[in-house]
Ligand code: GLA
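Let's start with one chain on its own, the form predicted alone, as structure tokens.
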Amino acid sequence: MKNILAFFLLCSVTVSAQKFEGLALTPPMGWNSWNTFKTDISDKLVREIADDMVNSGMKDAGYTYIVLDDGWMAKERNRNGDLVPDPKKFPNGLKPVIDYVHAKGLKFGLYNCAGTQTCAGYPGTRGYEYQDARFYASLEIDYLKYDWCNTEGITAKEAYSTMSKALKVAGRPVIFSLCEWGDNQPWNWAKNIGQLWRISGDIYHCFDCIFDHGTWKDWGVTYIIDMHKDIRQFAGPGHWNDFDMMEVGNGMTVGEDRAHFSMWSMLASPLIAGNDLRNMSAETKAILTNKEVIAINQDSLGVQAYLYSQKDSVDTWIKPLSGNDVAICFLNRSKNPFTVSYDFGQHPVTDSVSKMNINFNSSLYKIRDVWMKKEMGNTSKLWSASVQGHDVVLLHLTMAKPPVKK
């Protein structure tokens, strides 16, 4: 009787546990198959992407996860109720290709959905949460993206909590990515359930447009930026607002790609590339592997940028950084160039989330343009630059000397 009681107490503690702690202390970085390939995926594709993530310098820049999105499985579970990798796409199953990714020093992620079917019509996880979690652990995956299609009759918080507990019981540490589109405000309840949560519907490879499907919409870059400006206080180490996978290299201009990447870095969003790494242009590669911009995203303070001002066509965003550094991004929404003149003494940094307070009249900062990779003087003088249309100027400010005591 004593042993039975101990068993039930252990089960109670285990099931009540939530996400794995200590993961995603900075926003996850990696690649996802959906934006470019949809369900047209295969063993060969994953291996080639892993090779190119290493050979292109993306791994060296910090990209770690290769995430296989919807379409990796057969249309039916087997007679035991297990998920089955599509035998045409993965003739040897998933384990050999996962082992290949791991052997490259990378990590591997899979996709499923909280509903009865995935968004593309493959078997969903509803009713199979613990069984599927054990399957993922047996494959040794490191990341699970969990979607929200075909979920009639269930609540988001309960469904995602159940899957989080199932992953914990399965025992292999996994980053849990909630892809619930922000419909149920996951930032209010998901901190202990997963490491990141989507704040919008799917992204579209356009700077400032909407692709209307009738019953749902895909959103251009600036539309996603503009959503939910009031939730930055919910982001931080181990729990991130996810602005969706990136469209860098998928058809926008170089300036638009640069602006897109800069803003995802400023917003402390996961940096999940969505292009074909095997056919990157030199410009795309230079954007995705700019280590100075990535450092702003990966800053250990983990504070999301806030919109400081909007003037004419230019938005000014400020991101507090560790060591009392600051990143400032000037985003030009117009197609025409605009000259920005900025008197730092008139623009103190006062942030309630990070508790950062900087008066540039008493603190001198050095200015570095992280795209030009050039020092641009200091904050004691009027700073001026032309911001090209649909582009950014991104600055990293570092203290030059201690504040003057008065």
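For clarity, every value in this text was computed on a predicted model and none was experimentally measured. Residue indices: 1-based, along the sequence shown.
What comes next is about the form predicted in complex with the named molecule, which is not displayed.
Site residues 257, 261 and 286 are none of them in contact with the named molecule in the model of the complex, judged by any heavy atom within 4.5 Å. Screening 111, 240, 160, 108 for any heavy atom within 4.5 Å of the named molecule in the model of the complex leaves a single hit, 111. The contact with the named molecule in the model of the complex, taken as any heavy atom within 4.5 Å, belongs to 245 out of 245, 326, 94, 175.
Here the chain stands by itself, but in the model of the complex one stretch of 317-325, 288-296, 113-121, 273-281, 113-121, has heavy atoms within 4.5 Å of the named molecule. Among residues of the shown chain, residue 70 is one whose heavy atoms approach the named molecule to within 4.5 Å in the model of the complex. Although the partner is absent here, residue 181 lies within 4.5 Å of the named molecule in the model of the complex, judged by heavy atoms.
The named molecule in the model of the complex comes within 4.5 Å of no heavy atom belonging to residue 63. The shortest heavy atom separation between residue 129 and the named molecule in the model of the complex exceeds 4.5 Å. The single residue of 23-60 lying near the named molecule in the model of the complex is 34, the criterion being any heavy atom within 4.5 Å.
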